[in-house]
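As a starting point, one isolated chain is supplied in structure tokens, in the form predicted alone.
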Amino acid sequence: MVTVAIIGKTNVGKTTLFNAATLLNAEISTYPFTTREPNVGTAYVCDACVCGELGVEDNPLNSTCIDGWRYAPVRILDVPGLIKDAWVGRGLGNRFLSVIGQADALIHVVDASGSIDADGKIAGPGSGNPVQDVMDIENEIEQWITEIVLHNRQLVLREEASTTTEEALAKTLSGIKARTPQVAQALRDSGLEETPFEGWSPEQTLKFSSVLLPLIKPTLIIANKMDLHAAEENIELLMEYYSHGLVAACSAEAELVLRRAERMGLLRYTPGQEKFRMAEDAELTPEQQRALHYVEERVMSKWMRTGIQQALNTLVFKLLKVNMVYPVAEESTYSDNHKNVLPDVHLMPEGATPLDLARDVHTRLAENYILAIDAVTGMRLPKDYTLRHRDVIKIMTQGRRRAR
């Protein structure tokens, strides 16, 4: 399953975003290190379901379809807040950073209103520096990767004796999901491709780490608390600073309000949509009325959406370049062997083949793989066919030639 880690300083709204995305009740507080262990939950990414264009009524099993939108699960980690010098153990330090190594991508939450100081403590709106906050957290992770390389220097040198530098480094950094092609690109882009590893200085190692980080951990900056007046100017500054990446304007608190109200039956709201609609028989308290009025005025009317669902979609589909693929057993009905129509959707990485899809469904399916068929066109697909977003694929196997 795709794994996304939520990172940032304390008090920027990470846990609120986590709660909004998962509807779990992780503790929310203004005290530093409220989250002392990573919260783990399931969030969803969504795109238009193929059921509409195929003209069928689906009944999903591993995902859900709401108003023609297919929501597929991803694993999400709420990493406790990082502070300056976390990489040397300040705060709760390396224990938190190691969690980041499990992630395929990062959501970096920043308080766009500038309401926290350099140590993540509550301050007056506009007094903080969100751009510096981004730089601080990036530096902590880069320093952490640098320390891993320096600490394993002799191991890299031993591996390098029988292989290439990029392969030796990739093996050392495999625990944080670094792969050889990414390491090779980082060596080229940092100008260290022709520099013997044995002679790397700490400064050169840090340069390599800073180039490697966005390659192994694609990151989306979430400018949170966009409903506060001080946020608008800072969002522009963040976009200017982070011009090489993506910045999303969001309100985690507004999303949490809407999702909780929808769960209580007070309104109808589909995550990611531009509007919410009050339930006809809803009886709201004055406090609930004020909260929803605030969300409408300060978020939906101004920004169109809360931004949370779009951020997740952008991270997974645009930055990670993951594709939604639907495996079926019967191409005529787009169903599995139990007559469930479009039962599953799998999130497949860029470059994945039908054989990779078979392996993702079940190892036995991959072991008995013969060929794949495009269930929509009926065309046989070559073994090295590259899966595309929203493909509907039938896998043929040997023996009873079944598919799942």
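Given the structure is predicted, the values throughout are model-derived calculations rather than measurements. So that there is no doubt, residue numbering starts at 1 and follows the sequence shown.
Although it is not shown, the form predicted together with a small molecule is what the next lines describe.
> In the model of the complex, which of the listed residues (A103, A252, V183, A249) lies with a heavy atom within 4.5 Å of the small molecule?
If I apply the 4.5 Å criterion carefully, the residue I get is A252.
> Counting only heavy atoms and a 4.5 Å cutoff, which of 167-175, 225-233, 200-208, 130-138 contacts the small molecule in the model of the complex?
That would be 225-233.
> Taking heavy atoms and a 4.5 Å cut-off, does K394 contact the small molecule in the model of the complex?
Result no; K394 lies far from the small molecule in the model of the complex.
> Is the gap between T16 and the small molecule in the model of the complex 4.5 Å or less for some heavy atom pair?
Yes, contact at 4.5 Å.
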